[in-house]
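Let's start with one chain on its own, the form predicted on its own, as structure tokens.
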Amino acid sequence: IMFEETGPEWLSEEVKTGTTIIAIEYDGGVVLGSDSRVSAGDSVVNRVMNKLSPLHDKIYCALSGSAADAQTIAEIVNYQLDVHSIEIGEDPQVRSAATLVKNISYKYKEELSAHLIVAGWDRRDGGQVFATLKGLLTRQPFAVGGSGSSYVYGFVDAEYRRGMNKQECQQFVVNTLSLAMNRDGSSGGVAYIVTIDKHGTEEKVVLGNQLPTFFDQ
């Protein structure tokens, strides 16, 4: 017996954080940002999921790709970093967190569909941003990812300047997210912003109607 309809299409689609994520270094810290839309096919499954996940006190990751895969990687690395920090008796380095993400991403690259940007602050190297796509590990002054990133590469390349301060980096992140969310059907909702420096972490939510607008809006 063949059933024509087994339920809504989204029930059989993979749930993805069809996403815009971004992180940027400044002198003394980092700023991470993400939209909040989670989709399965054409359906929006969750309008307000926070895709900025803590890996340790001053290290966060931004999630994109399969929601389940990305969340699982973050949870595993969060546990491994807790054990690592107890063993060494101090807070872990950002590079150590990024390396753990990279190792999992590479080992299971055929099974997993996730890209995590890792960013944070440590005493040795200050603010750092790492991309970990498919087991790659590269430190960059800024990184963007997710389905919305293709809409804003030109913007970030043109607008990025070395030496931007914390407030300028926060505005850079919000502007990038707003532009991507306006064009990418898989990005939307609110903007989550996390700023990390030697003093700790600061979390902020920018509601959709508070995001900056541009000429076509």
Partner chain sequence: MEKHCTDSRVKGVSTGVSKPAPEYVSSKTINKVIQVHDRIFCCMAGSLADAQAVIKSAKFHLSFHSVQMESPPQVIAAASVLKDLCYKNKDELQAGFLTAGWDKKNGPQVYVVSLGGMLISQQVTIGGSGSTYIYGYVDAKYKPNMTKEECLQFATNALALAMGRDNVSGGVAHLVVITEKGVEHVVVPGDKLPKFHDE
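Small disclaimer: the values here were computed from a predicted structure and weren't measured. Numbering follows the first chain given and starts at 1.
Omitted from view is the form predicted in complex with the partner chain, to which the following refers.
None of 49-57, 179-187, 22-30, 63-71 except one has non-hydrogen atoms within 4.5 angstroms of the partner chain in the predicted complex; the exception is 179-187. The partner chain in the predicted complex comes within 4.5 Å of no heavy atom belonging to Asp42. Among residues of the shown chain, Gln167 is not one whose heavy atoms approach the partner chain to within 4.5 Å in the predicted complex. Using a 4.5 angstroms threshold between heavy atoms, Phe142 counts as touching the partner chain in the predicted complex.
Contact annotation for Gln171: none of its heavy atoms lies within 4.5 Å of the partner chain in the predicted complex.
Shown without its partner, the chain has Phe142, Ser150, Tyr151, Val152 in segment 125-152 as residues with a non-hydrogen atom within 4.5 angstroms of the partner chain in the predicted complex.
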